[in-house]
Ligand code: NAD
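Before any questions on binding or motion, here is one chain by itself as structure tokens, the form predicted alone.
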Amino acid sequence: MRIGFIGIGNMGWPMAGHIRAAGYPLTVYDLDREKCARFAREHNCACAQNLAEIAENEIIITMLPTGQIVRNVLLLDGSGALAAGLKIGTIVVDMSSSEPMGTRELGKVLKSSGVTLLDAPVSGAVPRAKTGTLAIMIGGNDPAAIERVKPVLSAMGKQLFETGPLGTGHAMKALNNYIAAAGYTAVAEALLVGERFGLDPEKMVDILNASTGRNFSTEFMIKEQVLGRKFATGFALGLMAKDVKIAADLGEAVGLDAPVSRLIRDRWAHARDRLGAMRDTSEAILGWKDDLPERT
């Protein structure tokens, strides 16, 4: 199977590298032409000069910042809408963190041209992208297409989960990141309150990890990234804020009152607006640091 991969960023670079290492003929595309050419040299594959060259592949994978960008690349891009050149039977796999409702709408558009869309977002961030051990959540309406792409996905991920119809993969990814963001928010506020009261942050994390407050942030992020001032998870603050908003919007779309998701959405939007969307996710605490008033 010939694979086209669009988006050679922090995540896309190692993911596409694993596909090539697995022996698949690969063509990559990125707006950063130098990066695309460098990847092609290092991995002995092709760098597409335009989207028409990507359209020639049997399976096309997108790893882009937002669902709107995915839609633009497929339907609206100025260099020629990718979908116009896709052959009947082509499978498009969106591994970006996109909006579930938008994914379902895009799937209907592509289906009218004989193209199958699957959503397969990932969890594990840059470290697990580099080791090829990502968790991948697969949504789709075509079981045969899912089975066809599984070997390719297995080159990038250790755990493949079929989540249900098209859009459910993106829904699961957003909900996962909402829970991760909620955990980080709670830990950050606890550290700020505790430090102001006189507790040692390092000792707080040790106690949390030996207690019921233990979570992903306390185990894997706070000491190294926050207290160690490394701030280098490789995941942008703006992307986390986007994912939390997707989760909160999904609650509203299905008619469920989910007030905590709205609060977490607003807190991360505040951190993004205060610090900048390109700052590291682990820096969000800095955006909240001065928001706790002195109490008497």
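Position 1 is the first residue in the sequence shown; the rest follow in order. The structure displayed is predicted, hence computed values, not measured ones.
The following text describes the form predicted in complex with nicotinamide-adenine-dinucleotide (NAD), which does not appear among the structures shown.
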Quiz prompt | Listed residue that, although nicotinamide-adenine-dinucleotide (NAD) is not shown, lies within 4.5 Å of it in the predicted complex (heavy atoms), from Ala232, Val260, Leu31, Leu256 | solution = Leu31
Quiz item: in the predicted complex, does Ala16 have a heavy atom within 4.5 Å of nicotinamide-adenine-dinucleotide (NAD)?
Solution: no
Exercise. Would you please decide whether Pro25 lies within 4.5 angstroms of nicotinamide-adenine-dinucleotide (NAD) in the predicted complex, comparing each non-hydrogen atom pair?
Key: no
Quiz item: Should Leu75 be classed as touching nicotinamide-adenine-dinucleotide (NAD) in the predicted complex when contacts are defined as heavy atoms within 4.5 Å?
Solution: no
Quiz item: Applying a 4.5 Å heavy atom distance criterion, does Leu160 contact nicotinamide-adenine-dinucleotide (NAD) in the predicted complex?
Solution: no
Quiz prompt | Segment assignment from 223-231, 236-244, 40-48, 263-271: heavy atom within 4.5 Å of nicotinamide-adenine-dinucleotide (NAD) in the predicted complex | solution = 236-244
Quiz item: Looking in the predicted complex, is nicotinamide-adenine-dinucleotide (NAD) within 4.5 angstroms of a heavy atom from every one of Gly7, Pro65 and Val126?
Solution: yes
Quiz item: Quick one: which residues from 160-192 get a non-hydrogen atom within 4.5 Å of nicotinamide-adenine-dinucleotide (NAD) in the predicted complex?
Solution: Lys173
